[in-house]
Ligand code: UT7
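Presented below, as structure tokens, is a lone chain in the form predicted alone.
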Amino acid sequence: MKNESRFATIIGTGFKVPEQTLSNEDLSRMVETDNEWIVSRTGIRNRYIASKDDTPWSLGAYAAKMALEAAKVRPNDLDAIIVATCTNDAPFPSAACRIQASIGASTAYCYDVSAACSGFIYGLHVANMEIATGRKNVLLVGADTMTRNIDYTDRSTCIIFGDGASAAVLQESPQPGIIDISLGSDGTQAELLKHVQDPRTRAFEGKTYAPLPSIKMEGRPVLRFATRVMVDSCLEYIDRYKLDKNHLCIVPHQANQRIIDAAADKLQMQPYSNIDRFGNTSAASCGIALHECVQKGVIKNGDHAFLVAMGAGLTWGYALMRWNGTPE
């Protein structure tokens, strides 16, 4: 039975991106595009690309170690490990089990959740429930290698995605750090953003490659949907909790700078943005942005943070937290 007096708070964050980068100039040599076209439509200038040795769980393990060090929690003090990913390198074992082995968290039980770009918020909800039902320390990782599912002849999608991982350690707290989380899904809109298997072979620089999975997206309706979710959900929580905008940091999924700019105009607040450097890292996105906000002092102890994401499914989620995880 749920104990209503048990609350969760985030006490440490971390992130990891691959070593290899892919700039807009690099892309212009692969597909018909250029830096100005990409920046004007997405705000992206660079993204990080997984090498053959990078996996969601290898990137996630690095981010997890960083978060555990920040939280001053030992791996064997973890009760559960939850990984949000839609690009694990194999259907099983789970990325969470791989991370458990990598960091030496032998006492934790492990599982993955899949909600594409909404994955970090979905995972945050599950981790919060784990704390509410008796666990003390829970590790949440969001990690994806989306560029392995990219058709580099499709300039509408190949310019958007990058790879990376983020992590957060949640701990039992006497006061609610995680104040509220809302999730939603609309499977009738699944065709707007989906993973497909293209039967055609592909040729680059005179070489023919076997068919690969790829991402297909209807950009305009997805953009409108994402903007509406970000604005409406933020206004809902500001009204419900009577939030002080001067002490509220909006940490959105980094899908497109135009979404962030449109939300800023409607909310009269500037959400945090790092999409120019990382691109859309799917389930890692919100966690990377949260980590940067903490490290840069954008979020200070006592401030509220509003996280919001949307992705394939269609899925969406948003969360309100009070940040108390920065050591004095």
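Note that residue numbering follows the sequence shown and begins at 1. For clarity, every value in this text was computed on a predicted model and none was experimentally measured.
Not pictured, yet referred to below: the form predicted together with oxa(dethia)-CoA (UT7).
This chain lacks the partner; the member of I159, I131, I250, C86 within 4.5 angstroms of oxa(dethia)-CoA (UT7) in the model of the complex by a non-hydrogen atom is I159. Residue A226 is the only one of A226, C234, A108, V113 with a heavy atom lying within 4.5 Å of oxa(dethia)-CoA (UT7) in the model of the complex. If you check oxa(dethia)-CoA (UT7) in the model of the complex, you find no heavy atom from any of R74, L140 and L170 within 4.5 Å. Residues placing heavy atoms within 4.5 Å of oxa(dethia)-CoA (UT7) in the model of the complex fall in a single listed stretch, namely 28-36, out of 292-300, 57-65, 28-36, 265-273. Contact annotation for I288: none of its heavy atoms lies within 4.5 Å of oxa(dethia)-CoA (UT7) in the model of the complex. Using a 4.5 Å cutoff between non-hydrogen atoms, L193 counts as a contact of oxa(dethia)-CoA (UT7) in the model of the complex. R41 belongs to the set of residues with a heavy atom inside 4.5 Å of oxa(dethia)-CoA (UT7) in the model of the complex. Shown alone here, G12 lies farther than 4.5 Å from oxa(dethia)-CoA (UT7) in the model of the complex, counting heavy atoms only. Heavy atoms closer than or equal to 4.5 Å to oxa(dethia)-CoA (UT7) in the model of the complex belong, across 303-325, to the residues M310, G311, ordered by sequence position.
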